[in-house]
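Let us start with two forms of the same protein chain, each given on its own as structure tokens and named structure 1 and structure 2.
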Structure 1
Amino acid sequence: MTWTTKEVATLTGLTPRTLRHYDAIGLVCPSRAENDYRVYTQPNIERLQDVMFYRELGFSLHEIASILDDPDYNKLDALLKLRLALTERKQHINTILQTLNQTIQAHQQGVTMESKDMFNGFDASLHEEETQHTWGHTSAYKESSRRTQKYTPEDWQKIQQEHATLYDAFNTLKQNNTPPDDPRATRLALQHRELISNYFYTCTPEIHQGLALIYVQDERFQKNINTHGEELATYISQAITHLYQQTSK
């Protein structure tokens, strides 16, 4: 089965011009018929779908190209990440909706809002860092995707479970009012590093400390971790930080 430009256009909702543009910049390049007409095949269509997923998330065409053309590109992995990012995007809209609701209320009551509350959810810079963290082309990322490519759904389950177990262990300490710089917490922090190293990428001290920061700065991580206990992300972050304050002494 093959398609002409117009057919693909109606199929995707894009314009023929857009399709020719994507061809011109090497993003989606159909083969050609004898009369030089573009001929889209199944792989072209699938790639086009990928492109549109990423475009929905606001990636530039250049970025999309480098993601899709990455030698370490793994489709399933990418799709899962996309799903995550899209649900995040939904969350983002929810935040804006909250702000909007507050604004409506304030307006109905004739009250003026505090200006700092008027722009919750709009700030994109934090979100950009997240995406950088998710898709960024650091070596850690590449190593991670190389490894995660091979994981089966059962592997993922196991990984999730090990994470959960560790988080619960942290939470037990926290519930017993064990301070984050307690040796037991430090041991767990070490286990945490090994867990990452085992399943994702070599977790150097720098990266580990980076994670500690992300865990408290990034709502996404925070919420996820905090499902295992209140304020748990902060606690874990402190434990990790202490691990390196200790060793540096």
Structure 2
Amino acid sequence: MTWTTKEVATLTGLTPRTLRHYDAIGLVCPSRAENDYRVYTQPNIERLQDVMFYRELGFSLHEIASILDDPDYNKLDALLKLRLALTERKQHINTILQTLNQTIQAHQQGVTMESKDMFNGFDASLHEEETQHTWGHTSAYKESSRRTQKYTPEDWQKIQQEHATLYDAFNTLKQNNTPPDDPRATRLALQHRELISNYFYTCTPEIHQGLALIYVQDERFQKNINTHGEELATYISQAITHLYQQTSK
């Protein structure tokens, strides 16, 4: 049995343009019929399915071609590994979905979600590439990378808990209309610096003041911190800034 390009497009949901591209780069090359039309045979269809499995897992076309064209490629072994990877992804998505549902429920009920439950399922490594691109040349990043490689999942949970507790403490002051230059806010700002130094890198006053600027200039940092309280990133930034205004007097 054979299929035309149009039939394969209907079967897979891929566009004819995509199929022609796969043919052009040698990824999935249909056979030629007697009339010189492209037709897809059963092996072509099976290879295309393999391609789509790997694409679901985020592999690039170049990576997929390298895998499928490897002389040692074993179809069954590859499928079993794909099933394991997709099962792990399903479990990961289920955990993220549970965290999302808990967050929605907390908002609907007007209650504060337990900070220890707020980050269940998130993959911190997704943020690593951008962080390394931005900070990878600095000694602080290298120190942080060296130290964090040794951390266990339990260590990360403890670190996340301490950060959440500190942010919640900042937010309590803010909700009580405590000025960011209040001594209590200043003490929390100092704890913030100590927390970074304890777990990641030596956070000098200069680095700490730089973080204060990032917290209000970078929208991604703002969104992350503001999950603990409205406009909390600005409040923490102001408290950190005041810490060094005091020490410089």
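For numbering, take structure 1's sequence and count from 1. Computed from a predicted model, the values in this text were never measured in an experiment. What we label the rigid core is the largest C-alpha set whose atoms superpose within 1.5 Å from one form to the other.
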Self-check item: Structure corresponding to the form predicted in complex with another copy of the chain
Solution: 1
Exercise. State yes or no: after fitting on the rigid core, is the Cα displacement of L173 between structures 1 and 2 at least 2 Å?
Key: yes
Practice problem: Indicate whether D23 shows a C-alpha shift of 2 Å or more between structures 1 and 2, with the rigid core used for the fit. | Solution: no
Quiz item: Superposing on the rigid core, do we see a C-alpha displacement of 2 Å or more at R83 between structures 1 and 2?
Solution: no
Quiz prompt | Per-residue Cα shift, I104, between structures 1 and 2 [Å; core superposed] | solution = 3.5
